[in-house]
Every structure is written in structure tokens, then in C-alpha cells.
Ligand code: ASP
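Take a look at this one chain, the form predicted alone, written out in C-alpha cells.
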């Protein structure tokens, strides 16, 4: 009987570091020797293949080129592997997980991103448990099919939908939160899958990979007293296509006419403006208060409960793949990969 094959992809980040005993500095180790550093993997009856980026990418240097490289690797190995585990720096993991969730359509296998707060070569590392459990989940099957056929993030005993997470701590081992969607699995003595919240398709899935991304997107976080000079400078950026507008509370923004006129001019220039709350949990509810009703009236779109990371990458994906702005707006109002919950009363 052929063994389950899992592909381990190391992109960079803290998890892949070992301490140089001579200098005490951190250096990336050779992931082809992963079993040497994580001997517990030998107890799995899986075939674990590893691919390591020739030049590890620091989390802060992640961009769309890395995302394209990842989906190409997954596409090349899709038919021969049962699941994929991506080792990634934590700082931008939520962006990568969100991007991959839009770039990989009709997944029927797990793609799990994980990492660590401490290098795998450090005695108290959280990396070993994260790798071991991610591999076990990626290899898990139910009725002959992958238990979690989604892009996910696994960290500190929780498996989350990838486009629902945000990094919430720079130091804690529980570095990620999914405030608006429950974990897909919780891990203790047993791995308990939350089947009712996992995205299962009733039809046969055929993987479709999207490779076109447009990064002419900006984030504007509102704050009390924000100046018109700042707004005008942003909205007059050449070739700007979309703005994620981080508003107060349930989608509220200044109600003065100068602010609204600036937003209105941007929309007339066919710049898409997506309203996302600054709050850690909850949803935009445009029209609940007068201060958001005006935004709704002039054409600002509701992001509902989408994260800023998912909002940015969804826009990059849609702007790259679709030419018609009405098609883009339609997709923004709907969940295409489980990234948002629609409030039907909006």
C-alpha cells in the first residue's frame, strides 16, 4: 500500500533557524535534513518530501512573487501529494494564507501554513509541535478524502481558516486569532475537527490556479483629525485601483462634507473603496449610524466582517483577474472563499 505523501515547503521565517554555536547568530538549516532536527517525524507512516527556497524570504519581504511561486509548487505536486505544509514567517502569514485562499480554487487537499515564535533550533521552540500537528492534519482523511480541504493556518493548538486570521501577538505562542470565525480544529489529547465549519464541496473539485495579481491597492486607516492633505495625496496616487478604508466601529467615518467629497471624487475616478472595521471582531454595518449611511450612499462598499489582510489580497486577486469593475464589485459583495459572513440586512 502506497504511503501518504506530504510536501513540506520552507519559505523562510523564524521556524527554520538554527543557532550557530560559534557566533550565537541564527542561520537557516537544510530542510532536506528535517528528520534530523524533528526526529518525531519518523514515527509517522508518511512520506515527507521537503522543498526549501534557495534564498529564504524574511516575512517582511513577502510579496506577490512568493505567492506565485507557492501556487506553482503546489500545482506541480498536486497529483502526487495528499497535503501541503508551508513553513512561513509569522508577521505576514495572514496575508499569504489569504492570498493563497483566492489563488487556489476548488481545493480538495489541505494547504496548511505554520511557523513559530522561537526558532526550531532553540530548546523551548514551539516550532516542532506546530510542524508535527500540521503534517498530521494535512494527512488526515475522512471517508477517503481530506478532512480539511482548505488553506489554513495552524498555530498553538488551533487550526484556522487562512483568510480569517490576524496576527495578534509578537511574543505569545498563541500568536494568531480568528475573531469572526471559529477554529476548524482544536488540538489537545485528540484533534477535534469542527466539521460543520469546514468548506466541503458536494461536487468533484478540479484545482484551478489563478496567477494574476494587481497590487495597486492601498490601506487607509482613519483617525480623529485626519487631514484632507493626507486623503488627497492617497487618492491621487497614479494608477491606484482600490483602497481598503479602515473605519471606526461598525463602519463609521467623519460626516463632514470635505471628507465625503474627497471619497466621492475617488469613486468617480473608478477607485474601489472597501469599508473594513478597525475593531478586532465584529462586522461593518453600513447604515446603522448616520456616519456610515453617507458612505453607503456615495458608493463605498461594505467589507462586512472581512479582515484587512483578506480584503487587500482579495482586491489584488480580483483586480488582476477581472477587467469589468461591476464584476469586481459583485465578487466583493460575496464570499468567494469563506472570507466573510454576509449581513443580509445591508
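Residue numbers count along the first chain shown, from 1. The structure displayed is predicted, hence computed values, not measured ones.
One more form of this protein, predicted together with aspartic acid (ASP), exists but is not displayed; see below.
Interface residue among 149, 89, 254, 183 relative to aspartic acid (ASP) in the predicted bound form, by the heavy atom within 4.5 Å criterion: 89. Distance criterion of 4.5 Å from any heavy atom to aspartic acid (ASP) in the predicted bound form singles out 116 from the list 110, 116, 134, 275. Not displayed here, aspartic acid (ASP) is approached by residue 17 to within 4.5 Å at the level of heavy atoms in the predicted bound form. Though the partner is left out of this view, residue 321 does not reach within 4.5 Å of aspartic acid (ASP) in the predicted bound form, counting heavy atoms only. Among heavy atoms of residue 59, some come within 4.5 Å of aspartic acid (ASP) in the predicted bound form. Comparing 300 to 308, 51 to 59, 65 to 73, 38 to 46 against aspartic acid (ASP) in the predicted bound form, the single stretch with non-hydrogen atoms within 4.5 angstroms of it is 51 to 59.
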